[in-house]
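Each of the two blocks below gives one form of the same protein chain as structure tokens; they are labelled structure 1 and structure 2.
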Structure 1
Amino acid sequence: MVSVLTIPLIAIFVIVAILLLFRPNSGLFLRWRNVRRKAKQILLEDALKHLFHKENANGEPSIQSVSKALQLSEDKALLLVSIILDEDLAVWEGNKLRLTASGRLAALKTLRAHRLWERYLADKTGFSEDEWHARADRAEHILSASDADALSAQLSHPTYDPHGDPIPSASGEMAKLHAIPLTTADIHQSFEIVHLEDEPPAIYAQLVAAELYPGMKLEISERTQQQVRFWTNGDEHHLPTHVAGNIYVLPFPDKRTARDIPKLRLADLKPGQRGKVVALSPACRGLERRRMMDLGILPGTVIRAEFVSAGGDPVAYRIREALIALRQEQARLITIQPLEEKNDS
């Protein structure tokens, strides 16, 4: 009795197992192979990105540099590079690896996905600055070219990522950054921050903590071997050289120097006080920025703080006759010039 039933049962079991493992489209075996392939794909894309950056920085891309950048053993790096060479994505030029046109395009595609995703995180989600890079590092391998195009459209085709890096276009064109590191910039000149290097994360975190953003104007007051002192928005910062080296700037032709820009923020107004908007901080991004401008918060607008909410936080401001409630952290993004008190209450 038992054996009569067992044999077909075992047969069914085996068949089911084989089916599960090797089913054409979603079998476990295929999935496992896909995961392996995905992992390889990710390494490949990361390697191309590395070659691209190294090349742009006039470095010497090599097997060693790949192994260091991707934290792989030299054997694995060798294997990876040989795949890259096989697929004609790069060629040897002396002892340097040089990307071919198709290799460059592939690298730019990953870069585009990465920077678009950062832009997306910055504009449309609540994730904090220090999470953007790591998240984009994952997303860049998942987004297909058409996903990236759709995302770009959804974000109104941004040209820069939130760190100030240009986003390559779909056809692989990208604006050149002529920016120089702050550590080589002239003293007593006005500069605009155009790029904050987001790697390594520990240093980037310091830049974020100092509330620096692309688009800010600054003026260097002192530069020594150890540190750089500079003014932005009426604040004086001093940063150690290795941190300041991650800030990239461009000369900014403005008669007013960064020192003159007042330090006062809208959030500093007490109820009853008035101020005139000087600028919206670059940290005010995306929809939030658009919304503020639509409400009429523009350079030159006179705003009066009216009253504070019972919960202590949003404050109601009189903006072009309308009463608008803004949270403290938003009001901190608006620099103002204080105005004389008008006696009207």
Structure 2
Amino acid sequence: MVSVLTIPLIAIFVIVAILLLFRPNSGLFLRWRNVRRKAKQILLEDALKHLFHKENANGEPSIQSVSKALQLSEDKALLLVSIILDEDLAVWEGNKLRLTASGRLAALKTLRAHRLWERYLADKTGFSEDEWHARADRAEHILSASDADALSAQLSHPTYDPHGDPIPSASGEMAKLHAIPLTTADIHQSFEIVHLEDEPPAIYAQLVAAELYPGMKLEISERTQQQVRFWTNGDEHHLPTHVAGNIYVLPFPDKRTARDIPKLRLADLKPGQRGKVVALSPACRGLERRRMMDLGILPGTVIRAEFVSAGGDPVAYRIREALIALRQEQARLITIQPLEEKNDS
């Protein structure tokens, strides 16, 4: 039997529970509804971005392609596409989905936030290249249009992200890339890398490991169905065709070939040898680039390799009378001109 004292306690408990669930602005029900709404908005933005990429690549945007790209069941993809159609963000043209003007603008807003955030990560932070895309995928759904404008101003209004992709303007204008895949470029001609495709991540990781980046000059020496062989920065690279296809290039009008352009890196110096800094690699970005410059590693600086650590890495270098240890991966980012050894006798 319920006692008289128990009834008020139950009533108080029920009231507290109702307040926790439905309290204005901070109730659990409101939070749950906001989370669901945000999840729906993220799916919608990802779908519009997918349709935009498909259109630009002359692909066939469809319910099936949305399902595959967003890893949704076809039923959920159908529901998502229905919302896009109802909101007049896309229309059917035969069996293909086509973005409307408002749908394209919404897709470009998300793309602008994504590429600006990648530029920020590359220029202003110490995050590695293989982290940029995933972090930008999350940030693109959080940044408002005014946030993106402020970020663009902070970065001096960049027009390309660190992979070479054009960054849309606030009004939706974007430069067109006329580059071609490395797998279709002519043999024995000079080219410049203008874009590295960062999807899928596993292939992009191989390009990063090969120390490739936009701005590099190269020359293809051999192309087969299995691989592409090319020279860049004085080194020869061998990449499987499916990896090389993620490198986009433009002809580079230089009479010298990529194998003729000399390049010696600081990591190539042996103890006792000296070199003058020519440049820091564009792959040296953000906090690491600022640290190098703070250490005095600037064009014209003379550096001497002093000794190698017991494990072979790092190496001690003398820079402006200071002894500084650099890892091999850092020393490879510094282009030098070798100097004759001083005669100390």
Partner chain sequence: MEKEKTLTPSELLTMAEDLRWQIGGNIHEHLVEGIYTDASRIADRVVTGERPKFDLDRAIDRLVTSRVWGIPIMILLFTLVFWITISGANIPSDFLASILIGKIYPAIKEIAFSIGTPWWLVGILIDGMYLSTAWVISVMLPPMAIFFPLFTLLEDFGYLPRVAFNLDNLFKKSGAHGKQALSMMMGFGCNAAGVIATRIIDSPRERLIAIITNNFALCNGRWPTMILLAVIFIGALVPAHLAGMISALAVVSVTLLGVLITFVMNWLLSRSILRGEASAFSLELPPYRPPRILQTIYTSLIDRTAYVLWRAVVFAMPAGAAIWLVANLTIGDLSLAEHIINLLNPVAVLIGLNGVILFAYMLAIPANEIVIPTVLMLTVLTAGVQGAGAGVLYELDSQAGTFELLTLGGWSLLTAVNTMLFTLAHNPCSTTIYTIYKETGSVKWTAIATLLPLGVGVGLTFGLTQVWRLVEAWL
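By rigid core we mean the largest C-alpha set that fits within 1.5 Å across both forms. Every value quoted in this text rests on a predicted model; they were computed, and no experiment measured them. Counting starts at 1 with the first residue of structure 1 and goes up one by one along its sequence.
Chemist: Would you indicate whether the form predicted on its own is structure 1 or structure 2?
Modeler: The form predicted on its own is the one given as structure 2; the other form is structure 1.
Chemist: Could you check, with the core superposed, whether the Cα atom of residue 183 shifts 2 Å or more between structure 1 and structure 2?
Modeler: No, the C-alpha moves less than 2 Å.
Chemist: Core superposed first: is there a CA shift of 2 Å or greater at residue 313 between structure 1 and structure 2?
Modeler: Comparing forms between structure 1 and structure 2, the residue 313 CA shifts at least 2 Å.
Chemist: Quick check: residue 108 between structure 1 and structure 2 - does its CA shift reach 2 Å or more after fitting the rigid core?
Modeler: It does not, since the residue 108 C-alpha is displaced less than 2 Å between structure 1 and structure 2 after the core fit.
Chemist: Can you give me the Cα shift for residue 335 between structure 1 and structure 2? Core-superposed, in angstrom, one decimal please.
Modeler: On core superposition, this C-alpha lies 2.5 Å from its counterpart.
Chemist: After superposition on the rigid core, what is the displacement of the C-alpha atom of residue 322 between structure 1 and structure 2, in Å?
Modeler: Its C-alpha shift, to one decimal, is 12.5 Å.
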